[in-house]
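Quick setup: one chain, the form predicted alone, written in structure tokens, and binding and motion questions come after.
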Amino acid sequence: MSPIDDLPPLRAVIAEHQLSARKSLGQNFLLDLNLTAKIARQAGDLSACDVLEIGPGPGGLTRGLLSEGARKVLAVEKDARCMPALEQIAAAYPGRVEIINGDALEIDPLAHLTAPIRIAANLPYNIGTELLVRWLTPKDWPPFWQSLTLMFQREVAERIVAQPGSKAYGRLAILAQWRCDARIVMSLPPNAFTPAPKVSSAVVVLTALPEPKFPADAETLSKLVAAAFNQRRKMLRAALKGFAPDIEDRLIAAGLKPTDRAEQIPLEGFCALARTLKT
């Protein structure tokens, strides 16, 4: 395949800047630029969008997003060693890249972005789930982003798209599927990365819906689901007894069996229960 741009191959960039991946930062670098461009394409037409990228590392996905036409990429990278490599990319794509050296958990990206906004990232493993939950639980909905195109460990990706009755089904599935369409679009083996992680990875695309699939108070639903799955082996009437003295009656009013367990309850059922608890 032909190169996606005129910049050096990623292996050469990593060697030049001595960018050995650091486990403490959850780093696993994806070096195949044709593969990073393929991931970028999963985010859709980016020509009219600003893209937020977390943890770009040496910039493989950054280059993919730019080559696929992103209007602008805001790259937030905690590792200062990666700054020279990212600055090379910014110089090759003038006016289309902004780099922030900082912690994605502490930075407000909105001051640097213009709507419409999409998020695309090979998320550092150690903060990936926390970032996703933040993006799924903003104070107001719709959120500032149109879609999320994110790489996770395969296990996390399966939890996002899991259905009732499966072991992977839990709080993350409810939060993701309540206000988004979520699907796994790519799988990647460990040997696609340097260093190779012990597990496979997958790319998930979450598209924000204008409204939640079922009405419910966000805070009530979040607390309810957390309590139910924190004690997923217990029947709902036991796991949720702290919510209301008449929890059995409320479960029945929501169309649920008090003897069911959390993993048996579909999204619609949790939303119905959240509505009975809010009244």
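Numbering starts at 1 and runs along the sequence shown. As the structure is a computational prediction, the values presented were derived from the model and not from experiment.
Below, we refer to the form predicted in complex with ligand SAM, which is not included among the displayed structures.
With the partner omitted from this view, the residue of Leu148, Ala157, Leu123, Leu136 that lies near ligand SAM in the predicted bound form is Leu123 [heavy atom within 4.5 Å]. Contact with ligand SAM in the predicted bound form, judged by any heavy atom within 4.5 Å, is made by just one of Ala90, Ala202, Val205, Ala104: Ala104. None of the heavy atoms of Ile117 is located within 4.5 Å of ligand SAM in the predicted bound form. Contact check for Arg171: no non-hydrogen atom falls within 4.5 Å of ligand SAM in the predicted bound form.
For Leu240, no non-hydrogen atom is located within 4.5 Å of ligand SAM in the predicted bound form, even though that partner is not displayed. Within this chain, Ala182 is remote from the site of ligand SAM in the predicted bound form, having no heavy atom within 4.5 Å. Comparing 207 to 215, 240 to 248, 223 to 231, 53 to 61 against ligand SAM in the predicted bound form, the single stretch with non-hydrogen atoms within 4.5 angstroms of it is 53 to 61.
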